[in-house]
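Next up: just one chain, as structure tokens, the form predicted on its own.
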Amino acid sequence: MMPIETARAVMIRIFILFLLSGTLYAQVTSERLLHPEREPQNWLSYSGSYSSQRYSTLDQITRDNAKNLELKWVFQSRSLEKFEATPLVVDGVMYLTQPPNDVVALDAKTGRAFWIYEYKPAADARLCCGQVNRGLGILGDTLFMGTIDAHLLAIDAKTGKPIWNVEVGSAKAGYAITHAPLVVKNTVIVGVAGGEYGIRGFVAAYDAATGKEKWKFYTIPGPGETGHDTWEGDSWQHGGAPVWITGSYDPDLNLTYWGVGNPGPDWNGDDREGDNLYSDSVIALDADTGKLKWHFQFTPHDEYDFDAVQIPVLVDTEWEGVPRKLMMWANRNGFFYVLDRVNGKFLWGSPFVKVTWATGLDKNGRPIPAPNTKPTREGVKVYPGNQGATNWFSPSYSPRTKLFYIPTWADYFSVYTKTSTPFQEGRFYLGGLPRSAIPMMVRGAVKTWTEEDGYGSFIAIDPRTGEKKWEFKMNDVTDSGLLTTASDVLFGGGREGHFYALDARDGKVLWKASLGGMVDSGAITFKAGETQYVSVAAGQSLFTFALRN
């Protein structure tokens, strides 16, 4: 990693950079966030746009020339934690988080570091799955970052100096923030992780200028609130329902959509009888007030840890001959859903992998439980396994191909067991531990398995019918997000360390590179000068590619 410069040198270099690129520094206004299609050279939010389609209109890299991609620069993180971050790119400057909670400003052309802001989380932070951070939000000249000890920070994008710091939840009790904040108007919205510690989940909004809390919505209803009766006794007080992946936003409806995680304890629902709202649901909240407008629950009374924290993908298109505002969702539970995002009405759903815990969905989208598939003390074999058919890694939707692309753990199972786990603040509250042929990498496990145990793949489905158009199988599973472009190129990676460019129409390999580490992030594409770049984090480094000169 290159040496960090003085503040004076940083400002001089940034000024020169913008002069050379023919632009002047411009603040990231709310208007710019509303219309990222006007500046495809940038990547202004975690999913590239409020619709979260992870689709770029850049087309310099094509199906014909993708074979000429070559490495241009590498940023090496100083951390050995999982590198799950998606960068932002704003007018030639890349903003990146290196785990757990450092922020780095880089020259997007060369990878040279302008500044690094270092944050030291509290030593008593409780974490389920690694010291991860997935990215930043930006508004004006200010970056926003959530921390693993449940703080929300505002940082000057020009200098890397902190502006304000607010505590969102108690780190000692298991609250954490692992996702990129969502910036809407003058508001920064975040949710809290910690479902494995028996927290009471929530989504909260903060004033971007001051850090003052504007509203909070608890994902477990309290006494007197709608849905409270779906939790037996006092189980609501420590029922989990965390929110740990960035949501989406529809400015026309002024609704922000968030996926909610599992109820607690994860694998034993004996003491929390009921549907356990709003766990395993998508919630639609008024962006100004936080009031719930509608919800849809994918897995009522979940005992498989099927967090519904996948990215809500918003698509405006015809449905059965009528223009509709749709939400498309590939769920961890193995089903793909299409909802009306105006009112949450279920329109259609079908499995996209092998599913044995349910026999199908009823007319309202509620799963029909299969017999003898609930966790037992002896163990029961269920598809999909504990990591789900897909997980937090981002899908992509291409308005050109009209296909929905899913990073998938296909046809694998877990043996689900349950135990009795008393709640104790700050300690794991699990209620069991599933066994899988595919190891949970958070423990650093290593195992060789066959395709019969399950495999990783990218699949393209027609969201109108659920028909699988193509599948690209890998030797290992994948934790990679996906990206599509206007030239019908799809980018994604896998745990074996390969990064691919595929033909988005048929899944054929156009190019691949071996990065030497697992791809645990979603790629982005941007332009600096006249050149289109593609960046992705893998192992402990961020790799940036462009076409050979």
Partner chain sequence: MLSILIAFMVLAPPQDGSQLYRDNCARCHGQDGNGIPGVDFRTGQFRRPSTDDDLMRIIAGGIPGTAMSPSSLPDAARRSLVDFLRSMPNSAGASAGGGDAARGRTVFEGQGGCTSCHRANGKGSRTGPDLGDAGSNRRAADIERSILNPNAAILPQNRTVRATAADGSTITGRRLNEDTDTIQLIDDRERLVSLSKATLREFTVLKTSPMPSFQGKLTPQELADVIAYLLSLKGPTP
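Numbering follows the first chain given and starts at 1. Note that this is a predicted model, so its numbers are computed, not measured.
Although it is not shown, the form predicted in complex with its partner chain is what the next lines describe.
Note that among 127-135, 352-360, 337-345, 223-231, the stretch whose heavy atoms approach its partner chain to within 4.5 Å in the model of the complex is 127-135. Checking E81, D453, E425, D270 for any heavy atom within 4.5 Å of its partner chain in the model of the complex turns up a single hit: E81. Screening V103, A157, V313, V183 for any heavy atom within 4.5 Å of its partner chain in the model of the complex leaves a single hit, A157. F217 falls outside the set of residues with a heavy atom inside 4.5 Å of its partner chain in the model of the complex. Of the heavy atoms in T401, none are within 4.5 Å of its partner chain in the model of the complex. In the model of the complex, at least one heavy atom of Q387 sits within 4.5 Å of its partner chain. In the model of the complex, at least one heavy atom of T110 sits within 4.5 Å of its partner chain.
Contacts of stretch 158-190 with its partner chain in the model of the complex, defined by any heavy atom lying within 4.5 Å, are made by K158, T159, K161, P162, I163, W164, N165, V166, E167, listed in sequence order.
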